[in-house]
Structures are given as structure tokens and as C-alpha cells.
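The chain that follows stands alone, in the form predicted alone, written as C-alpha cells.
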């Protein structure tokens, strides 16, 4: 067992993947000499060289376009988008080329590209540095979309994403980069595409992912003895582990979906619809959602009001019992 922060766990996961496969490349703005703005790629260029850890120009569309070309030539590029708000210039390449080319070729063309995106708020950053763009990518067929929430998953999931022959959008919660946990590097990880019950409970299921997992666990702990809250870390946003989700909701009879992204047309709406359709006769109350507001991400001094916190999660839990 080794105690690692999420940032360091990702770093060691990337290192392991590069050691295992010489075709794995890392590319992005400041990923080399600087080691990335969050130091996730720290030391990798020094150990693997400038031909495998590549500092790119400030051009996100060009980063993804170049990665697609490299993948066509047999490489496995891992692209770092510095901040979530900077992924939008690259969305054209991700949505119109990366996601579609494997399906257009009926699987004859493989594009094993990983797009790492630090996501969410809570670090007091300026405009365009705190977004939650996951719904844009889960809406796009042909992409796998995953979100880690802790160092254990960070270490294992990034390696699974790199080994995947499918293009993967990999979300990393930036306000959890410095959270620590013991990581067993030899343990067998959950398969890609699977979610996990991180706190068993009997009264209500809270479905969440990424930065909100820790918040929901804090909410569950705060009412221990009064409410038995089951917290599910979805981990895979597309495809969803619906078997795990439906089993949990059918046992508890109540469901809350929590994420940082704006609630309107967010991923929670899709999940709530699926749960209602599949678990209708087991539900004791409507599926409720907790999310950000339908506004541009606010200035840093207001982000505590924008981000769903423990009280907003518990308020939704209470409303499922009041129905």
C-alpha cells in the first residue's frame, strides 16, 4: 500500500502505462518541462524524453487532431486539456472525428485516444477554468466517458482508459487532486464501465460521480443513525452501469442524483428518466436531482453558493421522504 494524492496517483498510473507500452504518448500544453499545471505529468518528460511527453502549442483543436493522426499510425496518445473550459475549441475534433471515425469504419479503424480533462470548480479559479462539460460528451455516441473521484481509481482507471481501443474522455475532479488515500497498485481494479457502491445504505440511493462523491459521503455520514443513505459512485458516465444503479434503487425505493453541472439538461436528467422507467414500481417517491444552477460558472467568491453542498444533498434526501 502507498499513500498518494489523486494527482500523484494519476502520475504513477501514466508512468506505469508508458513503461508497459512504448506506443503511449502524452501531449498537451506545459505537460513536459513544467509537469502540467496540476503536476499530474511531473517528471515524465525527464524520464521518457521529449518524443513521448510532448509540449504542444496553445491549440486544443490541434492537440486532438494530432492525436487522432498518431492513433491512426498505431500510437496511444493521452491528451491533457489544461482546464475544462478550454476543451470547447477541441470539441469539433472530439465530436466530429474522434467519436465517429471508429463507427464509420465499422470498427476497422481504432482510435485509442484518451482526453484527460480537469473538471469542476472549488479552487477559486478565474473564468473558463471551472466547468462541468460531461453532458456534451455523454451525448455523443462513440465516446467512453469516465470520471474518477479518488486516488485508487485515478491510478487504475487511467491505465484502463489508455489500454482501451475506444476513445475515452477522462474527467479528473480538480478540487480533489490533493486528497490522499492508500493505493494498492497490485489489487485487481473494477472493470472499465462499472460503478461502485462506496457506502451501503437501506433508505435512499444517492447516485453521483467525480467531485461530488466526497460531498455525498459527508452528507451520508452527517445523518448516520437517522437516515441510511447508500452512495453510488457511477465512475462510468457513458456507458452507465445501469445494472448496479437499478439494483440499488430497487432495494432502497428512493433516489437522488447529484452532480456539479447545471441541473437543466444535465446528466442527472437522463439518469432520473432511466431509473423512473426501469424502477417505477419500486419507487416510493419521484427521483430528485441536485446540481449547479443554469448560469455561467460564477466568479470565485460566489462558487460556494453555486456548488451543491452537504445541505443541498440532504435537503433533496429529506424531500424524497416527505413525498
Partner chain sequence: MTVDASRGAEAPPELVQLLTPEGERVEHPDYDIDLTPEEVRELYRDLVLVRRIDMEAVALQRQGELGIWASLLGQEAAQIGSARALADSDMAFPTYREHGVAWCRGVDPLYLLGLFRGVSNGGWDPADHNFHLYTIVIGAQALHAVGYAMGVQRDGADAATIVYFGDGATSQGDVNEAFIWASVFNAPVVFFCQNNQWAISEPLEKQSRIPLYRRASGFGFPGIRVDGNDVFACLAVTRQALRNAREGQGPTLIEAFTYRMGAHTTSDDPTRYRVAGELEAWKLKDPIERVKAYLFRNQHADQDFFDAVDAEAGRLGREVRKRCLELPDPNPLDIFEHVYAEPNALLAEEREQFAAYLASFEGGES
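Source: prediction; values computed, not measured. Residue numbers count along the first chain shown, from 1.
Not on display, but discussed next: the form predicted together with its partner chain.
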item: Any non-hydrogen atom of residue 294 within 4.5 angstroms of its partner chain in the predicted complex; value: yes
item: Residue 126 within 4.5 Å of its partner chain in the predicted complex, heavy atoms; value: yes
item: Non-hydrogen atom contact residue 273 with its partner chain in the predicted complex at 4.5 angstroms; value: no
item: Contact of residue 46 with its partner chain in the predicted complex (heavy atom, 4.5 Å); value: no
item: Contact segment among 82-90, 181-189, 200-208, 147-155, judged by heavy atoms lying within 4.5 Å of its partner chain in the predicted complex; value: 82-90
item: Whether 12, 19 and 251 all lie within 4.5 angstroms of its partner chain in the predicted complex by heavy atom; value: no
item: Within 4.5 Å of its partner chain in the predicted complex: residues from 38-69 (heavy atom criterion); value: 39, 42, 50, 55, 56, 57, 58, 59, 60
